[in-house]
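Single chain ahead, written as structure tokens, the form predicted alone.
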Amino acid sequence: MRIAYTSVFVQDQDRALEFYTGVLGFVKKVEVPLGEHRWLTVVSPEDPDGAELVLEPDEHPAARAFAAALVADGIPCTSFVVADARAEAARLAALGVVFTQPATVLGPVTTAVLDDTVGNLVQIQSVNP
């Protein structure tokens, strides 16, 4: 068993695709029109055959309430591993990404939390040497 897909609920699929590919560096994998929305996934260029992140419309009222509650409490909806969280946070901040938590050492890992601009907080983390 392995993880094939995981989702983030997004307020706007076009803006999400722009942010997740143009800023975070993911690559669009699948785009299938489905009426008003699309089945839209991105993958890491480091693992193009790995788990796909579904940029899922937040049209369902429960999805919107769930995402808003996480953001209100400062809880990331997902986490991505990077080689160096401090360096990646600096790179993303230079691109205009807003962080709600700066790069912070938390025991064996360094984490930072960013606003993905489409309704979510996302954590990046790296293992400390």
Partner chain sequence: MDEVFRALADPTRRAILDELTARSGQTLFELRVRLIENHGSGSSRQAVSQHLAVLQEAGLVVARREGRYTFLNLDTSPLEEFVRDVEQRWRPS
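All values derive from a computational prediction rather than experimental measurement. Residue numbers count along the first chain shown, from 1.
One more form of this protein should be noted, the form predicted together with the partner chain, which is absent from this view; the next part is about it.
The contact residue chosen from Val27, Val30, Ile75, Leu95 relative to the partner chain in the predicted complex is Ile75, the criterion being a non-hydrogen atom within 4.5 angstroms.
Interface membership of Val10, defined by any non-hydrogen atom within 4.5 Å of the partner chain in the predicted complex, is ruled out.
With a 4.5 Å cutoff on heavy atoms, Val54 does not count as touching the partner chain in the predicted complex; it lies far away. In the predicted complex, the partner chain sits beyond 4.5 Å of every heavy atom of Val23. At the 4.5 Å threshold, heavy atoms of Val71 reach the partner chain in the predicted complex. In this stretch, 79-94, not one residue has a heavy atom within 4.5 Å of the partner chain in the predicted complex; the partner itself is omitted from this view.
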